[in-house]
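Have a look below at one chain only, the form predicted on its own, in C-alpha cells format.
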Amino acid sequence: MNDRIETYKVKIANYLNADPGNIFLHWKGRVSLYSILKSMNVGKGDEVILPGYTCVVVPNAIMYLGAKPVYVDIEKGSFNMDYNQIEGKITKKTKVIICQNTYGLSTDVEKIVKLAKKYKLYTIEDCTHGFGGSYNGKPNGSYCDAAFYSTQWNKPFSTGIGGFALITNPVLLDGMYEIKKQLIVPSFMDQLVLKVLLFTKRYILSDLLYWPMIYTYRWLSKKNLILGSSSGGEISGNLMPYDYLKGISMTQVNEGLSTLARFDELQDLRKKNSDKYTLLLKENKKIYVHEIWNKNHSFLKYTILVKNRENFIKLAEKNRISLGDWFTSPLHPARESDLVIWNYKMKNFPVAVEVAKCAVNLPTDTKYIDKTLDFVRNNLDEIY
C-alpha cells in the first residue's frame, strides 16, 4: 500500500519538477488548501486575498479557519485576478494571496509573488485547473510558497474526487506533516461508492446520457445522497463538514496512477482541439483565447461567452454536446442570492459577475471535435 502511494507521489512530482516528499495527498483539493492555510497559521482576524471568480470551496477553506476572504475582480481576457487591483486590497491583517490559473491559464504569477514579498505575505497557487501546465517555462505551482491541485471529475487528470498539495517553502513542512496525522482515513463505504461512480463514468456515461446523468449527480450530491464534488452544506453555507479533513484512499491512488499513464496524450489532445476552437472563433470575429496566452495555457476548458447561457446549454443538450458550465456564479456553484454568506458583494466585482452570467466551456478532451465545431459554427449568433 505505502509503495503504491509513494509511486503515485513520484509520478506527480515528475510533472512538477518537485521532491515527492513535498507532496501531500488528500481526499479533495480543498482539504489541501485548508492544510496549507493552517500550516501558514492563518486564523481568526487574518485576511486572505483571492480572485472574485472562483469555486466556493476556496473561501470556505479560509472561513473554516476563522479568517476573512478578500476578493479581487478579474480581467475579462484572462479570467484571472486583475493584478492592478491587488495592492489596494492589502491591509495590516493580510496574510496570504491566492493566485489562480483559471481554466488552465496562469497570468502575472511572478508579479504577484514579488508584490507579496514586498509586504512579507505568503502566496498560494490555485492549480486546481492547472496541473501539467506551465507558466513562463516552469510547471504551474512552482512560484508560490505552496500550491494545491484537484483531481476531481473534470480536472486535468481525474481520480473521481481527490487532490494534493505541493510545498515549496520548507518553513511550512512541519505544519503539513502535523496536519497529516489528523487526517481521517476514508472508510470502506467511501471507497466502494467512489468505485461505483468511476465505473459508471468509464463504462456507462455517453453523449446520450451526459446531461441527464450530470443533472442527477448534481442533485443527489447537493442533497448529500451520494458522494459528490461538493456537499449541500458546502454550497449553501460556510460551516465545516464533520468529515472534511480526510486523507487519500487507495482507490484514488490506483485511479491516479492509471490516468497519469495517459496524461501526456490527453494534454496534447486538449491543445490541438483548442487551436481549432481559436481558429474558428477568430475567423468569425468572436471572443477567443488570444494567442498571447497560449504558452501559459493548458486549456483544461475552452471558455467562451454567450448571449443567453440557459438557451445555449439547452441547444448543447439537444445536440448531445458535452458542454461545461464553470462558473455559474462568481463563487461557483453557490447561488448569487447567497453570496453574502461568503462576504461577497456583487456590486464590487462587475467583471466577475458579468462573466459568470455568460461563460460556458467547450470540451477540450473530446475525440469528436468535429461534432463540437459544427455545433459552434451553427450557433455563432449566440456567441459574443
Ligand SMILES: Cc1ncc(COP(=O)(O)O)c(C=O)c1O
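No experiment lies behind these values; they were computed from the predicted model shown. The first residue of the shown sequence is 1; numbering continues from there.
There is another form of the same protein, the form predicted together with the named molecule; it is not shown, and what comes next is about it.
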Do heavy atoms from each of Lys9, Asn140 and Ala147 fall within 4.5 Å of the named molecule in the predicted bound form? no
Name the single residue among Val42, Ala356, Ile321, Val58 that comes within 4.5 Å of the named molecule in the predicted bound form, judging by heavy atoms. Val58
Is there a non-hydrogen atom of Pro330 within 4.5 angstroms of a non-hydrogen atom of the named molecule in the predicted bound form? no
Distance check, Glu125 to the named molecule in the predicted bound form, heavy atom within 4.5 Å: no
Does the named molecule come within 4.5 Å of any heavy atom of Lys38 in the predicted bound form? no
Under a 4.5 Å heavy atom criterion, is Gln100 part of the interface with the named molecule in the predicted bound form? yes
Only one of 28 to 36, 63 to 71, 347 to 355, 334 to 342 has heavy atoms within 4.5 Å of the named molecule in the predicted bound form; I'd like to know which. 28 to 36
With the named molecule taken in the predicted bound form, which residues across 144 to 166 come within 4.5 angstroms through any non-hydrogen atom? Phe148, Ser150, Gln152, Lys155, Gly162
